[in-house]
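Shown here is one chain on its own, the form predicted on its own, set out as structure tokens.
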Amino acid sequence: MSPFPSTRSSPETRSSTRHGAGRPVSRWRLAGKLTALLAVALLPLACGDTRIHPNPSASTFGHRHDELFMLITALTGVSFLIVLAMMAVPIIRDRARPGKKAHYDHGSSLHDKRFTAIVSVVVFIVLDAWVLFVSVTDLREAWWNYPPADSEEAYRVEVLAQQWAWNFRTPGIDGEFGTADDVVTINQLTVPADRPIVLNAASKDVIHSFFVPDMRIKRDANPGSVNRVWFQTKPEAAGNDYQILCAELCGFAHYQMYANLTVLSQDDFADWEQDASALAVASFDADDTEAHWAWDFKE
């Protein structure tokens, strides 16, 4: 028998040492820690001054975007909580503790494979298929439901993007593009309220993206092609200004590429259009070829 004391410790002693001063971590302490982490994650939702949503939609179909966004957030949020719960159960139940070894499972049993297959099918039906159905419905009934080509109510706008500005052209009083009374502006677009606004967008140089967050629209402006997008402002949007942004990285001054969208009541817009067309005719220069970039409007 050795005269020196043994330096080896028993499994119980090693377990107690790992968990600190002979106090093993209980499932309640683990549950408390998980609850605290969850509370910290949900803390922003409890703060009344925390902005967790965009500005109210100013377009007639913008609410569809918001509802779809909240649907996706709710579905993924619930799924995330379910996954956390499923992770917490084996962490607490199968953890190593005095008198019990940690249980390891590779998930290769027939039961686990069936469970994985069932969860995958449920996730696809509840999340993917549901969101896809709502998205396609919204596209058909709103975003792709352009006003008729012969609609006299629709207000047409041609948008020419360039580094780093937005050029806008409207047909003026005569309703024809490429004439002397065309109203051409840079970084300023004025439209009537409660009327369909149909835009043709193209680019002079690189790819840009016409983005109006408050109208819930975004459409690429590509060189060599014309893309359509439309929206209709709510009547209460009259008298307000909204930002037009570029949502495509288009160069070192991309951050400077923004414009202003002004919405006027239909009476105020009629007066504005009359004055703007008269000013355009007075300042028209047939030799200024740079200003003659209009194209045949794409319906």
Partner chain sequence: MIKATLALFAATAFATLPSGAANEEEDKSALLPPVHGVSPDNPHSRPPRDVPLVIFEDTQLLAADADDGHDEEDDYAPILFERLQAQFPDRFTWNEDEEHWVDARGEYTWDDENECYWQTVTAERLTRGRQDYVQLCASCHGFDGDGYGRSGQALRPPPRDFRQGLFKFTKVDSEKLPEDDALVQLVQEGLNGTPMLPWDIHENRIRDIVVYIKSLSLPELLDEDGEIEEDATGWRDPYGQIGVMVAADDDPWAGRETEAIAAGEAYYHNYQCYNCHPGYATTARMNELGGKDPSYTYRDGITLPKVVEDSSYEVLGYAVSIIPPDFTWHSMRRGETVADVYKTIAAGVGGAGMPTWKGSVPDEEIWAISYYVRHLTDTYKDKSATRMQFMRDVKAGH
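Residue numbers count along the first chain shown, from 1. Throughout, rigid core stands for the largest set of C-alpha atoms superposing within 1.5 Å between the two forms. What you see is a predicted model; the values in this text were computed from it and never measured.
What follows is about the form predicted in complex with its partner chain, which we do not show.
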{"item": "Stretch from 245 to 253, 227 to 235, 32 to 40, 62 to 70 whose residues place a heavy atom within 4.5 Å of its partner chain in the model of the complex", "value": "245 to 253"}
{"item": "4.5 Å heavy atom contact with its partner chain in the model of the complex for all of L84, D112 and V121", "value": "no"}
{"item": "Non-hydrogen atom contact D205 with its partner chain in the model of the complex at 4.5 angstroms", "value": "yes"}
{"item": "A88 within 4.5 Å of its partner chain in the model of the complex, heavy atoms", "value": "no"}
{"item": "Interface membership of A117, its partner chain in the model of the complex, 4.5 Å heavy atom rule", "value": "no"}
{"item": "Contact label in the model of the complex: N167 to its partner chain, heavy atom within 4.5 Å", "value": "yes"}
{"item": "Its partner chain: the contacting residue among L132, I186, I125, A149 in the model of the complex [heavy atom, 4.5 Å]", "value": "I186"}
{"item": "Heavy atom within 4.5 Å of its partner chain in the model of the complex - residue from T179, N222, S79, Q162", "value": "Q162"}
{"item": "Within 259 to 298, the residues that have a heavy atom no more than 4.5 Å from its partner chain in the model of the complex", "value": "L264, D268, D271, W272, D275, A276, A278, L279, A282, S283, D285, D287, D288, E290, A291, W293"}
{"item": "Residue shift check between the shown form and the other one, rigid core fit, D288 Cα at least 2 Å", "value": "yes"}
